[in-house]
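Each of two forms of one protein chain follows alone as C-alpha cells, named structure 1 and structure 2.
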Structure 1
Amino acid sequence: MKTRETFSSGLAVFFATLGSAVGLGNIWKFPYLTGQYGGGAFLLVYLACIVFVGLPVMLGEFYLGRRTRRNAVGALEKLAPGTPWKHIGTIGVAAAGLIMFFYSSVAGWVYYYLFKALRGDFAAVTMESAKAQFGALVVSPVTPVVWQAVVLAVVAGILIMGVKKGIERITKTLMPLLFVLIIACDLRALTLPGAADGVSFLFAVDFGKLSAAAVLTALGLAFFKLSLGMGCMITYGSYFTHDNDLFATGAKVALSDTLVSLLAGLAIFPTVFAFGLEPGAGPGLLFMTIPLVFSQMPFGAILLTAFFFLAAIAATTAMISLVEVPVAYLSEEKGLTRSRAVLLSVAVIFAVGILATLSVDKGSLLGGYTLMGRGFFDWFDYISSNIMLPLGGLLIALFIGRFADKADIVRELSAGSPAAARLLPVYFFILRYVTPALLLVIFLSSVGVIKL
C-alpha cells in the first residue's frame, strides 16, 4: 500500500488552505460587492455568514477529510458505505470541474495581462485603448485559448510534484509574497490625493443598502470565498497533520482571507476614485480600470506588474486546490498514477474550458450559442455557484449534523484544540439548525422557487 502524503506542519496547512480561499474572488468580487451593498454594514453581515454558514461547513469538510484520509468521494464512502451520501463527493468533483472550466479562462486573461504589463503595453493607455485591448482579447479565437493552456500547464506542473513538494512548497512561498505585493499597492493607493473617497466607498456603514439581496449575496460570497461545497476542503483536510487544531485553522483562514479582500479593496478603490472613474464590477474592473489608473501614476508600471502578479498568484493557488479534487479522486478511486490523474484532469478541463473561453462575449467564436440567454461560460458559472455549491454545503451540514457519528466528530475536532470542549456544543447547534436553514434559503432562491 502506498503511503499517503500529508502537509508537513501547521504552517503548511494554513498557507495551503489560505491559498485555496484567496483567489480572484478577493480581487474583483468581494471589494466591489462590499461597496455596492453598504460598506461596513455588508461586512458585518458577511462576517456573520462566515460564522453561521462558512465555518461550520468548512469544519465539517475538514473532519470528513482528516478522519478518513481519503478523497471527496472516498471519504463519504468510508463513513457511510453503500449509501447515496457518497454523492456529496460526486457533486464536489463535478462542481470543481465546472468551476475550473471558466476559472481557468479568467486566470488565462490574468496571466496574459501580467505578460502585457511586463512588455509595457499599458504605457500610454487611455480609456478607449484599455477597452479596445480587453475587447480584442475576449473575441480572439487564439490568444485566450493559448493563455488558458499556459495556466493549466503551470497548475499541472505544480500538482505533478505532489502534495508536499508541489502544493505545500508553492503556497508557502507565494502566499507571503502576495501579502507583500498587496501592501505595496496599498501604500501607493492610499497616498494618492482623493484616496479618502475610495476608503469611504469600502467602509462607510450604510444599513439602508442592506436588502435581502445583499444578505443572499453575502452568503453566497462567504461560501465561494472559502472554497466550500466542492470537495476542496475535504481533499485538503485529508492532507492535514493529525494534531492540527481545526477550529483555529478555520478561523485563521477565514480572517486572513477577509483581510486580503479588504487590502485588495484598499488598493483598488482609492485609485479608482482618485482618477475620477466609476467603480464597476468584475472583469471590467480588473482588466480595464486597473491598467488605466495604475499606468497614470508614478511607479505605475511597476505597481501594475505587481498587481497582476499578485492576481496571478491568487488565481493559481486557488486553482491547484480545485484540480486536486479530481486528481485525488482519480488516483485513489480509479487507480491512476498521480501524473496520469493530473494530465487527464487538465486535459478534460482544457477541452471543455475552451468552450467557456470562446463564448465569453457575443463577438466570440461561439458567442452565438446560447440557451435561455446564457452561453457556455455563464452556464458553467451559474450551475456551479448557484446550484451545486449551496446543495453540496446543505448536504454536508445534514450529513455531519444529523447522520454521522457525533462521538467520532467530537474526537476528531478536539484533536489539538484546547478550545474544542467549549466550542463543540455551539458548533453542533449551529450546524444542525442555522446552517441548513440558511443554505436551503439560498438554494431555493437561486433556483427561483422563492423570491426574496
Structure 2
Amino acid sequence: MKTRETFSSGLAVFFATLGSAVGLGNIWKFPYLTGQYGGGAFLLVYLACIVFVGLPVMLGEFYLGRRTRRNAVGALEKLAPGTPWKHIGTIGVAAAGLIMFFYSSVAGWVYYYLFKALRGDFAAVTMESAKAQFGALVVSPVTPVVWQAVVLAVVAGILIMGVKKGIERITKTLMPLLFVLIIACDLRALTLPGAADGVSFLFAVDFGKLSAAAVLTALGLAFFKLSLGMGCMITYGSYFTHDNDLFATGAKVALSDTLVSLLAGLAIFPTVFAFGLEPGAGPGLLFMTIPLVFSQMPFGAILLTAFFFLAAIAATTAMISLVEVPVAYLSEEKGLTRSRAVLLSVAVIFAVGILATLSVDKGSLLGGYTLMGRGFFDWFDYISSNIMLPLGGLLIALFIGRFADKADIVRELSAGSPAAARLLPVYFFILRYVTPALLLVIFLSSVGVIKL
C-alpha cells in the first residue's frame, strides 16, 4: 500500500471531523424535523440519542479507523480477517452512496440559491414569492440537475487534491466562518416581531407531541448529522494523528455540532413565526425563511449572499466526507488511482441522484412514481437514515463492545490523554448494554417487526 496521508494536527482533525458532521443536516434537516415533531420534546430525545448512541458509536468508528489506517471495509477486514464483520464497512459504503443520492440534490439547491443571491433575485422578497421561487426550482426538469452536477464537480475537485491539500485546507479555513454567519443571522432573527414565539416553540417541552415516528427520526437524525454508520468517521479516523485525544475530539465535535443545530434553529424558528410560515414545512423551510430574514436587514443582499455561500461550504464539507468513503474503498481495495476513484464515485452518485432530484415534488418529472407513498428522494432518505445507519451503528457497537480486543481498544482510546482511561468503564458499559439495546429497538421498529 502507498503511504497513507494524515491530517497535520489536532486542530485539523477537529475541523475536518466537524466539517463532516456539520452540514445541511444542521441548517436544513434539523430545523424542519424539529418543526414537524413539536420542538423542545423532540430536541431532548435527539440529545439523548447523541449521548447514549451517537458519541459511543463515534468513538468506536474513530478506533476502527486510526487503529487500522484503512478504509471502512478494510478496517474491519484487518481486525477480523476472514469474518463477515467486514460487511459493516460494506453497509457504510452503501449508506454513504444512498445519502449522497439525495443530499447532492439539496446541496444543488443551496448552490443555486447562492447564484440567485448574487444576481439579486431576492430583492423585496415576500412570503408568497419565496414559496413560488422554491416551488419553481423543485419542479424544474433541468435547473436542479444542472446544479447537482455543479456541486458534485466542486466536491470532486477538492477530493482529487488529497487529504491535506483538499479536505484539510477547505475545512480548516472555512468552517469557523460558518459560525460567524449563523450567529449574525440569529441576532437579526431574534429582533423580529413574534420571535419569542419561535424561541418558545423550539425549547418548550411537550412530551404529549412525541410519537414513535419522532423517536425514530431523532435517532436517524443523530446518525445523519454526526456522519455515523456510513463509514465517514472510520475513514476520517484513519487520517487522525497518533497523539490525537479521541475522547476529546468526539466530545468537541458532538457539542459543536449540536450547538450549530441550535443556532440554526434560533435563526429559523423566530423567522417562521414572524412571517406566519408553517414550522413543519419540510426541506423548503430554509429556502423560504432565510431570504425573508435578510430582506429585512440593512445590506441584506450582501449578507444573504454570504450566508448561502457558507451554507454551500457546509454542504460541501459534509459531502466531501461522504464521497471520501467510496473513494478510499476503491483506492485501497480495488487498486484505482485516487483521481479515478473520485471520478467513478461522483459519476455513479450523479447518475442515480438524478432520480432523487426529479422526484422531490408531485409536480416534478418523476414525482408521480412512488412506492408505498414514497418517491425516490424519500426512499433514499428513509432507507439510509432510519435503517442502514442504525443497523451499521448496532453492528459497530456489538463488534467494539463484545468481539474486538478490549486491551487494544483501551490503548487506542487512551492514547494522547491518560485521563481518558477513567471514562473507559462508563464507555464500555454504555456501548455494550445501552447503545445496542436502543439501536435494536429502533431498528426493529423501523422495519415494522415491533410497534413502539
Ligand code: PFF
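Please read these numbers as outputs of a predicted model, since none were measured by experiment. Take the two forms, superpose them, and find the largest set of C-alpha atoms that agree within 1.5 Å; that set is the rigid core. Sequence positions of structure 1, starting at 1, serve as the residue numbers.
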Structure identified as the form predicted alone: 2
Flag for Gly38, CA shift 2 Å or larger between structure 1 and structure 2 after aligning core: yes
Residue shift check between structure 1 and structure 2, rigid core fit, Thr271 Cα at least 2 Å: yes
Per-residue C-alpha change between structure 1 and structure 2, Thr90, threshold 2 Å, rigid core fit: no
Rigid-core-fitted C-alpha displacement of Pro193 between structure 1 and structure 2 (angstrom): 4.2
